[in-house]
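Only one chain is shown below, in structure tokens, and it's the form predicted alone.
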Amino acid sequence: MSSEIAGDTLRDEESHPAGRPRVPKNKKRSGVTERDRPLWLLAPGGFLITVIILVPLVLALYMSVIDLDQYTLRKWLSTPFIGIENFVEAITKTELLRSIWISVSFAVIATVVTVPLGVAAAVVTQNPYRGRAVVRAVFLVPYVLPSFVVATVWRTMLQPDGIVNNILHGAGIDPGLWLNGPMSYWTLIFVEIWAAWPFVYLLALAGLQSVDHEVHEAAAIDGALWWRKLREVIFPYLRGPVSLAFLLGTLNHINNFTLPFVLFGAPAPADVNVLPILVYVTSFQSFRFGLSAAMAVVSLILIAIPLFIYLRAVKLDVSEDGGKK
């Protein structure tokens, strides 16, 4: 019996050398573990998302169901609850539906034009040639300029006595008013296209960088013409970036407030009274904060629909690829 006790003591001393404290096996380590460390690293971003996105979203939802205006703002916590009356009024008694139609149509037209322009520019600047760096820099000029600068420059150029009308008058053309009336809608589309197409160009150029050089060599050896090479080699690699550019471009056009606000002012002409301008005027000029919050919630739902469709399509695509593997 004593020999067994001595053997156990010897093994304990070998496994725990002198000077090193014994740690029970069932004792848990204090502090952040390896498993919890990613959550702590995400904590700052989660805090910012909560403060910047979630809290304003909750406040907007609450404001949309109360009768909040300039008279009840001081005691907004005790403002009467009116349910969906703000939404009913926004749909039936305001220009909300017309603004939605203007925003969506303008966004779709701008995206349909900018996507081919961006892809064509990316294809043109993909292969190296003399002066390519200068061409790429010029293509990025509309993208690096702030929206208010772009809108201010075009507003100055499109004035009745601006440079655009002077050039057209010199050519014997009477253009009319660019910033008011029916022409204002197409002015907004044109300026938005000019400012937005480099974003598609960057995404398409990034997608072209992923095309394997061996694929280009194989297509050249097989004698593929340039159109077939674009269709069979390049375009399949651009499906993901172009789809993302189409979605982000459309949502950005719908949400663009700075460009139409600076270009046309507020309240904007009826033909360019886009949804962000309508919400701004309702809130900060009419002081109907509850009504404007209801409009903002409607715009959020409008944006969430294509975003959900895109995310669903991406998820299905990834699932199919995983199933094939």
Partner chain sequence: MDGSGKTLTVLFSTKPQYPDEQKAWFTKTAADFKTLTGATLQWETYPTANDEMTRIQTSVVSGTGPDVYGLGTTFTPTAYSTGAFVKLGDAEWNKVGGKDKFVPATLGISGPDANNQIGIPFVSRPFVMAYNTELLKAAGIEAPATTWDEFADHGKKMTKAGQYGLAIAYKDNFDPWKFIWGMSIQAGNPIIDGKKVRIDDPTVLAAYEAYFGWITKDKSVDPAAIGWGNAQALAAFAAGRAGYFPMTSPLSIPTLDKSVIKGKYKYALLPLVPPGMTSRPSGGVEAASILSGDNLVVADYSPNKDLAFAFIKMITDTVAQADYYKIFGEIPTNVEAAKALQSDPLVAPALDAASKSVATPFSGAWGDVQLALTNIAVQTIPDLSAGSVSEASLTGRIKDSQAKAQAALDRAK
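None of the values given here were measured: they were computed from a predicted structure. Positions refer to the first chain, counted from 1.
Another form exists, predicted together with its partner chain; not displayed. Remarks below refer to it.
- Here the chain stands alone, but in the model of the complex its contact with its partner chain, taken as any heavy atom within 4.5 Å, falls in 269-277 among 296-304, 38-46, 53-61, 269-277.
- Although the partner is absent here, W194 lies well away from its partner chain in the model of the complex, with no heavy atom inside 4.5 Å.
- By the criterion of a heavy atom within 4.5 Å, G83 is excluded from the residues contacting its partner chain in the model of the complex.
- In the model of the complex, its partner chain sits beyond 4.5 Å of every heavy atom of F199.
- In the model of the complex, its partner chain sits within 4.5 Å of a heavy atom of R74.
- The listed set P160, P146, P236, P116 contains one residue whose heavy atoms approach its partner chain in the model of the complex to within 4.5 Å, identified as P160.
- The listed set A120, A133, L168, L177 contains one residue whose heavy atoms approach its partner chain in the model of the complex to within 4.5 Å, identified as L177.
- Looking at 89-117, the one residue that comes within 4.5 Å of its partner chain in the model of the complex, counting any heavy atom, is E95.
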